[in-house]
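Quick setup: one chain, the form predicted on its own, written in structure tokens, and binding and motion questions come after.
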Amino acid sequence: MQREDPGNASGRDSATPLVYLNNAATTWPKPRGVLSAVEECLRTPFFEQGRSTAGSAIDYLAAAREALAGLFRAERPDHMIFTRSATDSLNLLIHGFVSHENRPFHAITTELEHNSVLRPLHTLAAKGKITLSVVPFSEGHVSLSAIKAAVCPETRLVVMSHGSNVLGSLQDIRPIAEYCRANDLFLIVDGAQTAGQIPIDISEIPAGAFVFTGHKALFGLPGTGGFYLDDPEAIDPVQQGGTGTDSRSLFQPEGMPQKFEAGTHNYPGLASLLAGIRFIREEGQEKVARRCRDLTATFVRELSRDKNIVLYAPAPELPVVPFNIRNLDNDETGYILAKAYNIITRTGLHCAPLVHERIDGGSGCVRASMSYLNTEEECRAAAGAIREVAENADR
């Protein structure tokens, strides 16, 4: 596949092409249509509720809601809430659920979670708002039986990721969602690593809420994200402010989506998100998923040829490959790859400390993550560079 030329965005020697493998954090480059959409958005007045500019401007809010609902097969576009990020969404949902319950209860999460889940839950536990169980994973997956074993009569909330940002494992979320729905447990699914990456059918996942972020596989700008909320009555709004509607009321509107959206929206970000979703629809979600799987398989196969490279997920289901080089600190590996080979990866704990306690004793690893816009040549070149570093480290 020929990638659109992103230019010499790294500012480095153009003789050494940049290979960007940090897409699980933020995808780069963005499709050309995304760049154009942001520029077009900034050229015209924003479509805002109750403003005189509305008649001549594009309604990015409505268009992005419809596009997301179509991509995720969600029935009600107005239940698609926009926020700044997946972290923002998870905090709004978790704290909003605790506020609505208005009494201490038991919550369940897993060892696979990002700090965007672990920190709000542990903060609430420290304040006595909840008690918390953290369910272990086995070979990258959390089983329904492990969730069931943690449930007690006081359990009201389950928060878990759809895909691991460290191991690239994909959770079988539907049976867990069905169990939670049947047992009156509110399930929040963190889809930060799966939204835009794989086909998602919310109508087949009976979760309380599904969280997404815009700047990863949906190809939007940082500062975009949101969630789909099935039952708005289950969550209290923990932010209040202007909505451009019902302005005489001194209380937040109860209708959707205004109940959870206060303040001015990120219009350029939503324009980018809309363009990113259209890019995925044009290319085909299945094609995007298949290509990323193929790139990941090629990369893993190349790395597995060197015994000095430790692979923590030999067969990841998402384009995320965690590894270390024996006798070399992960930060040093990342530094060498960046400085000597112009290859961008991510090192450290990836904001998921409990995963690393299990796989590497908490010392961290290097994470290479591909996107649809990477090429096979880039993956082979990066794997070759990593093997070269590993051979030198073994001398």
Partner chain sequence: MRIVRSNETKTCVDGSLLKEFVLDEPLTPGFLIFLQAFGTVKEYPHMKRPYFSFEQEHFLSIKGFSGDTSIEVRYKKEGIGLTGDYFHLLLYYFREGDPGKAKMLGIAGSIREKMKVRLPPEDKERVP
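In this text, all values refer to a predicted model and were calculated from it rather than measured experimentally. Residue numbers count along the first chain shown, from 1.
This protein has a second form, the form predicted together with its partner chain, left out of what is shown; the following refers to that one.
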*A57: heavy atom within 4.5 Å of its partner chain in the predicted complex?*
no
*asked:* How about T16 - does it come within 4.5 Å of its partner chain in the predicted complex, if we only consider non-hydrogen atoms?
replied: yes
*Proximity of N327 to its partner chain in the predicted complex, heavy atoms at 4.5 Å*: yes
*asked:* Residue-level question: is I336 within 4.5 Å of its partner chain in the predicted complex, judged on heavy atoms?
replied: yes
*Could you work out which of I344, I359, A63, L349 is the residue within 4.5 angstroms of its partner chain in the predicted complex, going by heavy atoms?*
L349
*Pick from 32 to 40, 336 to 344, 65 to 73, 365 to 373: which stretch has a heavy atom within 4.5 Å of its partner chain in the predicted complex?*
336 to 344
*Give a yes or no on whether each residue among E332, V389 and N392 has a heavy atom within 4.5 Å of its partner chain in the predicted complex.*
yes
*Within 372 to 387, which residues come within 4.5 Å of its partner chain in the predicted complex, counting heavy atoms only?*
none
